[in-house]
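Below you'll find only one chain, the form predicted on its own, shown as structure tokens.
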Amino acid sequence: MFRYIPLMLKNCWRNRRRTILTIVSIGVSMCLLGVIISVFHAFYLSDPTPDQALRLVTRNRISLTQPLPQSYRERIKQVPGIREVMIAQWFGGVYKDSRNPDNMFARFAVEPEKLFGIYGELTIPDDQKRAFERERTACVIGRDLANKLNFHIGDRITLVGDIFPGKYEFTVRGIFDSPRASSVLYFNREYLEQSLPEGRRGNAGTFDILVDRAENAPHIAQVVDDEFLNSPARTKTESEQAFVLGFVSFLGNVKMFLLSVSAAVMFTILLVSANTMAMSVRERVREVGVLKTLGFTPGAILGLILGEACAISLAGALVGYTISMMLTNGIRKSPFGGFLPPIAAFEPGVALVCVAAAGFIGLISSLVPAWGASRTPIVEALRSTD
């Protein structure tokens, strides 16, 4: 069958316009499929990084919007296996014009002296780190945010609070590097606390926990939750990866949505490829008869047509997946990339799924017309006028 590959490839270009349009159509569909599968893989199938595996997040069991007493921190820190606990508070707020997507980035109130210990993958010069810890109105920002909004050390950033009303001014004292999207700003939680009325002080949004060993994390999470089992505000402790997925769940059943769209995309590709192959085979009925008179077996003819369909589908898959890598990289670097699990621009498993899906679609879409052509009698095929 391999000796027929040149003939297969030549047949692909018999009608170049139709072939190009088919490849483009499949490419667009495979591009969408590649992005969806990449996101699905990052959300539900990827393993946490070594740093992520050492982190847990404790929040209010009812909802992320409900705070926890900050006094829980000391009780959590007493649990065996926990190395450090940090209070973190989502701030929200508005920077300049909220209608501009470039002004959207994450803002967290944290404990400066603990931030870079818990998030060990963040790197920052020691002098900038010390300045952040000393100054109450200091903040540190990610490299991506600094590049996007052209921030520099010493610049002032003003945020208008919404969850915490008021006008907050910060001075950039450090820029950190991160292996993942870093469009984020961290500032001193004490600054936020002192600006709040007495009744709103003493609360925490979440507790970020650093454990000693990754394999102990599930047990430690259970122990922490058991500690507050009979407390007025019960806790839910989960891995950092599960916590991030909790944000995603606010949108609904994201997993079912992604699977449904993937199925719809594959069905569309199947229809496009099937239509192309049906037209191609119908135009070549007489040619099939000639090939049979020259000694081509029904199996060889079946293989030629199936191979042609698969070649076109795989070409479309290659084009589509190449574009999807660019789009996936754009998602990873978007303002919301910091809220998502790490999404790799190229993931071998995702590439394999896309190629396999394209090959399967090419095979299925051409099977019926190819089978019919291979079983057409020579006399009937030569009489065809299509």
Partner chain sequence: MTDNIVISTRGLNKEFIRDEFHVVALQDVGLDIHKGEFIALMGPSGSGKSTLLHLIAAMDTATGGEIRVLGQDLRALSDRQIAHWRNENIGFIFQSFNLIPVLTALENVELPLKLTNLKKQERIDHATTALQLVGLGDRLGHYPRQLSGGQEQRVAIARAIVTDPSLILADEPTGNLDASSAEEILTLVSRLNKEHGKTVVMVTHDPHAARFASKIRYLEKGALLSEGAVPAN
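Positions refer to the first chain, counted from 1. Everything numeric here is computed off the predicted structure, so don't read it as measured data.
The form predicted in complex with the partner chain is left out here; the points below concern that form.
> Given that the partner is absent here, does residue 125 sit within 4.5 Å of the partner chain in the predicted complex, heavy atoms only?
Judged by the heavy-atom cut-off of 4.5 Å, residue 125 is well away from the partner chain in the predicted complex.
> In the predicted complex, does residue 14 come within 4.5 Å of the partner chain, counting heavy atoms only?
Judged by the heavy-atom cut-off of 4.5 Å, residue 14 is in contact with the partner chain in the predicted complex.
> Tell me, yes or no, whether residue 163 is in contact with the partner chain in the predicted complex, where a contact means a heavy atom of each within 4.5 Å.
Residue 163 lies outside the contact set for the partner chain.
> Please check if residue 297 has a heavy atom lying within 4.5 Å of any heavy atom of the partner chain in the predicted complex.
Judged by the heavy-atom cut-off of 4.5 Å, residue 297 is in contact with the partner chain in the predicted complex.
> Quick check: do 7, 290 and 379 each get a heavy atom within 4.5 Å of the partner chain in the predicted complex?
The answer is yes; 7, 290 and 379 each reach the partner chain.
> Which one, 255, 83, 286, 96, lies within 4.5 Å of the partner chain in the predicted complex by heavy atoms?
None of the others qualify; the residue that does is 286.
> At 4.5 Å, heavy atom to heavy atom, what parts of 50-68 sit next to the partner chain in the predicted complex? List them in sequence order, or say none.
Contacting residues: none.
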